[in-house]
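Next up is one chain by itself, shown in structure tokens, the form predicted alone.
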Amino acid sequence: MSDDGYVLGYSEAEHRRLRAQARLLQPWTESFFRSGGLREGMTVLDLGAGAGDVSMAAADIVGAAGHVVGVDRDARSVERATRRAQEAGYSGRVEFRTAALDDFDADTRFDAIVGRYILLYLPDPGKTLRRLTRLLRTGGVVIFHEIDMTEAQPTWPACDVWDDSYRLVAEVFRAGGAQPGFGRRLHPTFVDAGLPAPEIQSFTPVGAGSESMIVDWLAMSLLSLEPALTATGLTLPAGLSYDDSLGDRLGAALDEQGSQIVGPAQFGAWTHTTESSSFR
């Protein structure tokens, strides 16, 4: 487990997982961003930029006239994200800075603040959001994509190997101080930050059997979580191990039961600031 409570860590394997996860989440993130009001020419602040995929997705929407600043506390992540953005042709449009969110400041005033899977890790997300929204212009946009991993019965017919494995993710997140069901808390978090009540949408990925992208997502997540799971005393179900066979074994268990999978629910929330917003 990393010393800042980010239970997935910052390894190269975790960055590969983030890139794979980004491909799965791209349609929902883009939908939330566009519905929330991200437009061409905007300047955007991306919180918890990680591998850089969200910053680049925002850059695709705001175009050549826009600009995106991604912030992450891990210097290795910033270095990797910067290299990826340069190689993908985003130089001059996307930049990354190393800073803890509670310490970050900028002379720039942004048109939008966005983030994906970041508020769930913050000790006091309302307080952090209240401070950072001071960097917005009046009328600026706040858009967050969060997750709910607390589905009690994610497979039908029930596949115990999958259900028990999936449950470990929420358990280790809680043990590390994160909130695996944070998507359900977006409304009170926005209000606590002094923002107008947000509009909220939710989508749920559903798959069937070993060919579902959800299988790769869970296997890669468990591999990144191995140090945190071990430190917390949580173990994989019998017959599973932390190696390249994990995804195949999870998929085989689903195929054996003929199970359909309900993946983690995706929540998007957005609002526009006003002159009367209480953080001003």
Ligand SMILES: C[S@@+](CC[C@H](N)C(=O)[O-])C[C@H]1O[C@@H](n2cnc3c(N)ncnc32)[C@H](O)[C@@H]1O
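Residue indices: 1-based, along the sequence shown. Since the model is a prediction, treat every value here as computed from it, not as a measurement.
Keep in mind the form predicted together with the ligand is missing from the figure; the text below concerns it.
Colleague: Given that the partner is absent here, state which listed stretch (115-123, 162-170, 86-94, 201-209) has heavy atoms within 4.5 Å of the ligand in the model of the complex.
Modeller: Correct option: 115-123.
Colleague: Using a 4.5 Å heavy atom cut-off, are 39, 61 and 110 all in contact with the ligand in the model of the complex?
Modeller: Spot residues vs the ligand: no contact at all.
Colleague: Please pick, from 99, 135, 175, 191, the one residue with any non-hydrogen atom lying within 4.5 angstroms of the ligand in the model of the complex.
Modeller: Flagged contact: 99.
Colleague: Would residue 267 show up as a contact with the ligand in the model of the complex if we use heavy atoms at 4.5 Å?
Modeller: Output for residue 267 is no: heavy atoms all beyond 4.5 Å of the ligand.
Colleague: Taking the ligand as it sits in the model of the complex, is residue 250 in contact with it (heavy atom to heavy atom, 4.5 Å or less)?
Modeller: Although the ligand is absent here, residue 250 would stay clear of it in the model of the complex, with no heavy atoms inside 4.5 Å.
Colleague: Give a yes/no on whether residue 151 approaches the ligand to within 4.5 Å in the model of the complex, heavy atoms considered.
Modeller: No, residue 151 stays farther than 4.5 Å from the ligand in the model of the complex.
Colleague: Is there a heavy atom of residue 50 no more than 4.5 Å from a heavy atom of the ligand in the model of the complex?
Modeller: Result yes; residue 50 sits at the interface with the ligand in the model of the complex.
Colleague: Scan 146-165 and write down, in order along the chain, each residue with a heavy atom lying within 4.5 Å of the ligand in the model of the complex.
Modeller: Contacts from 146-165: none.
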